[in-house]
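Following this are structure 1 and structure 2, which are two forms of one protein chain, each written alone as structure tokens.
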Structure 1
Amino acid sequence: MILVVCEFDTKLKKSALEVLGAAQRLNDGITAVLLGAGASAVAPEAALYADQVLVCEDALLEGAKNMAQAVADLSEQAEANLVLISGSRGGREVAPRVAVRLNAPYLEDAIALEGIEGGLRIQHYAYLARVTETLEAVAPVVVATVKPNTQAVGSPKANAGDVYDVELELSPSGVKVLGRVVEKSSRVALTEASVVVTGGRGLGAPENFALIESLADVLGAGVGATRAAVDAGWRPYGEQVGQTGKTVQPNAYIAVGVSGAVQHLSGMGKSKNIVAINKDAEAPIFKVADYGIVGDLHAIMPALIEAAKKLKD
């Protein structure tokens, strides 16, 4: 049995659908877990991808400590031999704690998963995504995170699984959430976008990100930024792409004024099509780009935006 911890807001997040897809391809029974406020409303959707869904909205499910306890307890109840969690920021907080509680091996950021006798084999990126490593864990229970944007989403089943409300014995964790600040945007979420337009320090000034936003709006794309642009205060951290930001793997990645440091490439280098716009013909970004434009972005971007508008019309 595979226990899949599903992330959600008003519906299952793409990360949850990707982990469910990875679980389906392992061809084993699937128990989906929904933890936290609003879980019951999402349960019917999760039931389309799993054999059963376990739901808990306990008010004590705040913080990684109690989330990990809940996942570990449900794993034991379901007699799971594999626990899969998205390698999102929240998932990376919870998964190691689950592994410790279950005394289980922990495999991180899987990009490919394969069941083996008594365990799991995965592949993941190493050395800033320059190397792909193969790891194996053989144990009664294995905990693994799945790297976002590397898996095909799951397929709905003909017959929905059963949904069960569960009660857990949780204690106050000592962590109290005083409030949440949610970034609201009309644009598609960066990690779920099929097209991403990213700007770097080569834009010259924060107000020039208007060019990035304009192109993104025309293309229905997500907006990204390099660490240099974020560190300079030009863009919020939530838009940062790279080793210390988000990992994206869209169908098209448009890098504007981005030099292409290895830390940035590790977060977007596996995009299907990469377009680079930079005045420096020797910029490292051109080594990974499928299409490159060398020139002044302030002249190129307005023309590109207009061309995109005409194609859209």
Structure 2
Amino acid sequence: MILVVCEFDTKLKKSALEVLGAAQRLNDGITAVLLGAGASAVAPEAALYADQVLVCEDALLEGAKNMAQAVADLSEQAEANLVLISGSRGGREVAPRVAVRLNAPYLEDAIALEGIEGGLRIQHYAYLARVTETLEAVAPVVVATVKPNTQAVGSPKANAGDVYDVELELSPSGVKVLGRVVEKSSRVALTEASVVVTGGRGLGAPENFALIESLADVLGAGVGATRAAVDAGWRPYGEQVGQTGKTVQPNAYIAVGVSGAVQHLSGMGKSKNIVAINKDAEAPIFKVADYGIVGDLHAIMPALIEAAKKLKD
């Protein structure tokens, strides 16, 4: 039995559909778990992908510690031999705690999963995504996270699984949430865009990101930023690409005024095509670029926006 922890808001998040997809391909029974406020409303949708759905809306289901306790307890109840969780930031703060509670091996941020006798084999990236590792663990129960945007979403079945409300024995976690900021963008989600246009420190000033946004508008692209641009306060953190930001793998990644530091490459280096615009012919980004223009972005970008518009008209 595979226990799949599903992320949701008013419906299943794409991350949940991806983890359910990975679980379906492993070809075992699936118990979907929905934890927290609003879980019951999502249960009918989850039931289309699972043999059974466990739902709990306990108000104490907040914070990594209590989430992990809930998942570990339900894993034992469901006699799961595999617990799958999204490798989202939230998932990755809960999953290791589940593994510790179950004294189980933890396989992190899988890009590929394969069942083996008594366990699981995965592939994941290491060394700032410069290396692809194959790992395996054999144990009564294995905990794994699945890297977002690497798995095809699951397919709904004709027969929905059963939904059960479960009770948990939780105590207050001792963490109080003082405030939350959600950074919403009206654009196509960065991690789902087939073209991403990213601006770096080379833009020189926040208002020059208009060049990035105009090109993105013409191409229907997502907008990204380097850590340097985010740290300078030019762009919101949600746009950051790299080791401490998002990982993207679009068909075309267009980096403008970006030097190509290893920490940035680790978030976009697997893009199918990399395009760079930089005035420094020696910039490291050109070493990984398929196409590029060596020149001043203030001259190149307006021309590029015009050329792209002409193509689209």
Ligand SMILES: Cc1cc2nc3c(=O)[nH]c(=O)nc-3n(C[C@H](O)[C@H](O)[C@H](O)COP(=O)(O)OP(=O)(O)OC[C@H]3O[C@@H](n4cnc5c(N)ncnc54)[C@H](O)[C@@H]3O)c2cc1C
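Every residue number counts along structure 1's sequence, beginning with 1. Here the structure is a predicted model, which is why all the values come from computation and not from measurement. Rigid core (definition): largest C-alpha set, two forms, superposition within 1.5 Å.
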Only one structure is the form predicted on its own, namely structure 1
Threshold 2 Å Cα movement between structure 1 and structure 2 at residue 86, rigid core reference | no
Would the C-alpha of residue 116 be classed as shifted by 2 Å or more between structure 1 and structure 2 after rigid-core alignment?
-> no
Does the C-alpha of residue 302 move 2 Å or more between structure 1 and structure 2 once the rigid core is lined up?
-> yes
Supposing the core is put in the same place in both forms, how far has the CA of residue 269 shifted between structure 1 and structure 2, in Å?
-> 2.7
Residue 252: CA movement between structure 1 and structure 2 [superposed on rigid core, Å] | 4.6
